[in-house]
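Given next, in structure tokens, is a single chain: the form predicted alone.
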């Protein structure tokens, strides 16, 4: 399961390391955007440990949102052209037997490349 962690500048400690040590859960960082004032980190966490990891981050002063759908497709706009397939670095998109485009949201790292490539603006990345 993926979650978004928002960290403010007030958090000075190595939060991710603390949470891993406190929970014993292996966490995969999919994407991070951190600057001098705040940060946003997209993490992949085993589904059965999601609540425990979220609470550990909250104890460290971070806010947590679970990403149920990291990428949203507007089916009314999608023409199944496949532009997203060719640019996605983690193969979220693929053609199926009827040549329509299928999505495997569990692979999405929210890089936004597909959003930029889509000629019909049928895709958007969710941050919360």
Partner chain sequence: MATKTVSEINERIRDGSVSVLTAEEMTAYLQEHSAEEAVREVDVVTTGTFGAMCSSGVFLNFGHSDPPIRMQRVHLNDVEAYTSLAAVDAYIGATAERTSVPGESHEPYGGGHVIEDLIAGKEIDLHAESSGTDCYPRRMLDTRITIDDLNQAVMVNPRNAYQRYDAATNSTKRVLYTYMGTLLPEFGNVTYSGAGVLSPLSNDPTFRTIGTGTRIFLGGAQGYVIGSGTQHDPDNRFGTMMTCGDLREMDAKYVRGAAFHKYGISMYVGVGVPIPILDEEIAAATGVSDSDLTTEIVDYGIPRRSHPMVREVTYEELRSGIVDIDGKEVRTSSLSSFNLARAIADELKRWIGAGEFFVSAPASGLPVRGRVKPMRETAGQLLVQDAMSGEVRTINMHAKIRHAAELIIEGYFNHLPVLSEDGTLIGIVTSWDISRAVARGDVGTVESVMSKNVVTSTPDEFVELAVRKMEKHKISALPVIDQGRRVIGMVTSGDLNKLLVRR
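Positions refer to the first chain, counted from 1. On a predicted model such as this, the values are computed, not experimentally measured, just so you know.
The same protein also has a form predicted together with its partner chain, omitted here; what follows describes it.
Student: Determine which one of 50-58, 34-42, 83-91, 64-72 lies within 4.5 Å of its partner chain in the model of the complex, judging by heavy atom distances; exactly one does.
Tutor: The contacting stretch here is 83-91.
Student: Tell me, yes or no, whether residue 14 is in contact with its partner chain in the model of the complex, where a contact means a heavy atom of each within 4.5 Å.
Tutor: No, no contact at 4.5 Å.
Student: Can you check whether residue 27 is within 4.5 Å of its partner chain in the model of the complex, heavy atom basis?
Tutor: No, residue 27 sits far enough from its partner chain in the model of the complex that none of its heavy atoms falls within 4.5 Å.
Student: At the 4.5 Å heavy atom threshold, is residue 106 in contact with its partner chain in the model of the complex?
Tutor: Taking the distances in the model of the complex, the answer for residue 106 is no, it never comes within 4.5 Å of its partner chain.
Student: Can you tell me if residue 79 lies within 4.5 angstroms of its partner chain in the model of the complex, counting non-hydrogen atoms only?
Tutor: Contact with its partner chain, yes.
Student: Pull the contact list for 24-43: residues with a heavy atom within 4.5 Å of its partner chain in the model of the complex, in sequence order.
Tutor: Read in sequence order, no residue approaches its partner chain (within 4.5 Å, in the model of the complex).
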